[in-house]
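Take a look at this single chain in structure tokens; it is the form predicted on its own.
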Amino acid sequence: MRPITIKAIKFHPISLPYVEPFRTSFGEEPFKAAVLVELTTEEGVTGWGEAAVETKPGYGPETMITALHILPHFVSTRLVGKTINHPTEIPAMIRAVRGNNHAKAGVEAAVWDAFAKANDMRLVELFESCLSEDHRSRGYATVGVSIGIRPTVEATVEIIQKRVDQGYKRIKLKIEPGWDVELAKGVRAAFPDVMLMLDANSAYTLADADHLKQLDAYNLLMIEQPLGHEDIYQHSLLQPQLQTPICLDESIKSADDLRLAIKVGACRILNLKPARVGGFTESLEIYKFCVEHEIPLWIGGMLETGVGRAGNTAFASLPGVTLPCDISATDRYFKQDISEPPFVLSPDSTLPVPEGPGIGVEVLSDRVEKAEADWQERDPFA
């Protein structure tokens, strides 16, 4: 493959209003914040990535402010001027920058996009080239939808019906202490056959084990990250007490974390977010491990714009991704995204992988400028 030489990297802090606020156990997100990464090569190719960070250290420790410090001062300085023979070289080149996986994933994604375009490939084809021949993309990602915490069970049932009518066949509900068993009971009564899972975002402790056991009665696909956001050990004590599979999310930041979690029996399912593990290179290592050990795998999301959504959709189309993913259609989150074309849900609860080179979507400069101006108006630290 033809190498690329990185000429420049620009960072665009943006904010996009959501169609509706999104509430989890660690708070409400009224708008989407992110840092878009625009990488240009000496060969005249532009690659885009998305650092999926938030305004507050809720899901993880990174924020918009940390990313805007780390990316230009520590990450891009190690890459500008360098010739890249393959995107998988990037993690080693920025390894001296500890942590900051979401920020680093945004830059790595821009390299993957630019490299694929320089070689006249779709991003998914570049992923395929890193895997054996029996791991060719299906051409689509099977997806579900995530629903935030609502004021009542009735309101939750109403929005689930809306999503089911739109074609989503897997429903994920956010839970927290006091909003769990009765919610599962009410929703299961209204939708006895829907594929249903619950996401706790680390809201419980091991002392809640007996309470969480009650959820076994509701035929759940999984309970996601019930305990501490960095914990593996206590999840290994909880999983044997539950019939429902535990899915780990925040705890797994590398392939080695997953190896440990499986070794000690901390989970039976993995939610892989490329941003959380530092990008697509580590994601491919995790993917291979899951395939080898027959671990059910799905791709989670950080409510990304079309830039991040395109990369996640391509990855989620690989055959080792065996469960519906958190990559909903564009109109689930935004009235107007920063890229075209939008992601549209097919009747069979799938999203097609974009057809164009690289990530396959066009990032529109006027929309990026508008979203940057919106961030400047909202920025609480300006």
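Residue numbers here begin at 1 and follow the sequence given. It should be emphasised that the depicted structure is a prediction, and the values quoted were computed from it without experimental measurement.
Below, we refer to the form predicted in complex with 2-succinylbenzoate (OSB), which is not included among the displayed structures.
Contact with 2-succinylbenzoate (OSB) in the model of the complex, defined as a heavy atom within 4.5 Å, holds for exactly one of 271, 251, 101, 283, namely 271. Checking 172, 150, 122, 163 against 2-succinylbenzoate (OSB) in the model of the complex, a heavy atom within 4.5 Å turns up for just one residue: 172. Remark: of stretches 64-72, 353-361, 51-59, 339-347, the one touching 2-succinylbenzoate (OSB) in the model of the complex is 51-59 (heavy atom within 4.5 Å). Taking non-hydrogen atoms only, residue 261 never approaches 2-succinylbenzoate (OSB) to within 4.5 angstroms in the model of the complex. Proximity of residue 79 to 2-succinylbenzoate (OSB) in the model of the complex falls outside the 4.5 Å heavy atom cutoff. Contact annotation for residue 301: at least one heavy atom lies within 4.5 Å of 2-succinylbenzoate (OSB) in the model of the complex.
The shortest heavy atom separation between residue 22 and 2-succinylbenzoate (OSB) in the model of the complex is within 4.5 Å. For the stretch 135-156, the set of residues having any non-hydrogen atom within 4.5 angstroms of 2-succinylbenzoate (OSB) in the model of the complex comprises only 146.
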